[in-house]
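What follows is a single chain, given as structure tokens, in the form predicted alone.
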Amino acid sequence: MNSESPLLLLGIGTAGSSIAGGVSRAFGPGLRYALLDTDVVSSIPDAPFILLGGDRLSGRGAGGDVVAGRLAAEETIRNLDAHLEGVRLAVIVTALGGGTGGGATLETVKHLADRGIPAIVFATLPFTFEGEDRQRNARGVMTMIEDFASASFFIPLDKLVAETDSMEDALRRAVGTLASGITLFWRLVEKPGYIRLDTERLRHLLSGAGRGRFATVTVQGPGRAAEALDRLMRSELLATSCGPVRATLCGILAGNDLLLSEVGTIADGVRGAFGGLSFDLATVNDEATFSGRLSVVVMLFESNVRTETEPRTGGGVMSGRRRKSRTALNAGPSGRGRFKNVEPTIWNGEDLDTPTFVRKNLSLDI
């Protein structure tokens, strides 16, 4: 673990730990990371591991209970502090729908916000066939995570696999695809480039980021820039949206053979396809990793997710809880009205303090 890096990766729950482990293997030495779970089987040899709710759950997991996962994290989240020295930005990988991912992710993001550490959350959403209960659990925690995270990417597992995959192949593909994408993002921030994206620049770009879309592609051979752009245009992950694009971050990773024309083709194409009020470009020159290859990372941030912030104890970039205006009645943070400054009441993954018409996404004729 590189204790000097200001960037920290946190894998939460069994799925999050698997993805973080994949990033660690792909990135190699120098990755600063830690795993958090209520189930001791998620621990990986030689990887920093924090057991959540040890006294409460005895390392056997949360059993799919979001409340149990959240209480476990509340009791032991301070054990994370030993890993936060010098951290300027945290990246969280997790899976929503279950107990630990749904409960512990929220408490982790809140803990980081209270310490002035911005967090980027990459969270998978359940397969459609997993049923409405898990889908509801995931939806119920999404807006609460957004209240404390600087940026959040909610990625449906259905979009990461093919219908013809076996269950084993589908799970391996989902974990591998997301781990590969986050590894590319990590290299974009940690490795030197002609147009540098370091942690401090990223912290600035994340101010007001909100919910986003995330995709990566890797190509090689003649016409690789045009091929990369075409694949991004057809990506289902970039097509899944909740609103228009406010800002775009485009990263290009290649070896010494990166051409100025290739940078122009990709940058102009991404800017033209997705628009947004602002566009930021970064490049990495890493001959040892990308010789003959070209990878592109695209992050799109949507304009209707975050409109205003209010201060919270702890300060720091985007540590404030956001106010969201989702209906004409302006029900407050996540639609919670007068309950905005108290802890939410969670039942079956839903915030019962949020008005029913907001939770059920109903339209009111007024």
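In case it trips you up, residue 1 is the first one in the sequence shown, and so on. Please read these numbers as outputs of a predicted model, since none were measured by experiment.
Not pictured, yet referred to below: the form predicted in complex with a small molecule.
Annotated contacts: 37, 96 and 100 all touch the small molecule in the predicted complex [non-hydrogen atom within 4.5 angstroms].
For residue 111, no non-hydrogen atom is located within 4.5 Å of the small molecule in the predicted complex, even though that partner is not displayed. Within 4.5 Å of any heavy atom of the small molecule in the predicted complex lies no heavy atom of residue 195. In the predicted complex, at least one heavy atom of residue 174 sits within 4.5 Å of the small molecule. Using a 4.5 angstroms limit between non-hydrogen atoms, residue 126 touches the small molecule in the predicted complex. Checked against the small molecule in the predicted complex, the residues 75, 227, 130, 190 give one hit for a heavy atom within 4.5 Å, which is 130. The partner is absent here, but in the predicted complex a heavy atom of 157, alone among 144, 157, 202, 266, sits within 4.5 Å of the small molecule.
Here the chain stands alone, but in the predicted complex its contact with the small molecule, taken as any heavy atom within 4.5 Å, falls in 100 to 108 among 277 to 285, 245 to 253, 202 to 210, 100 to 108.
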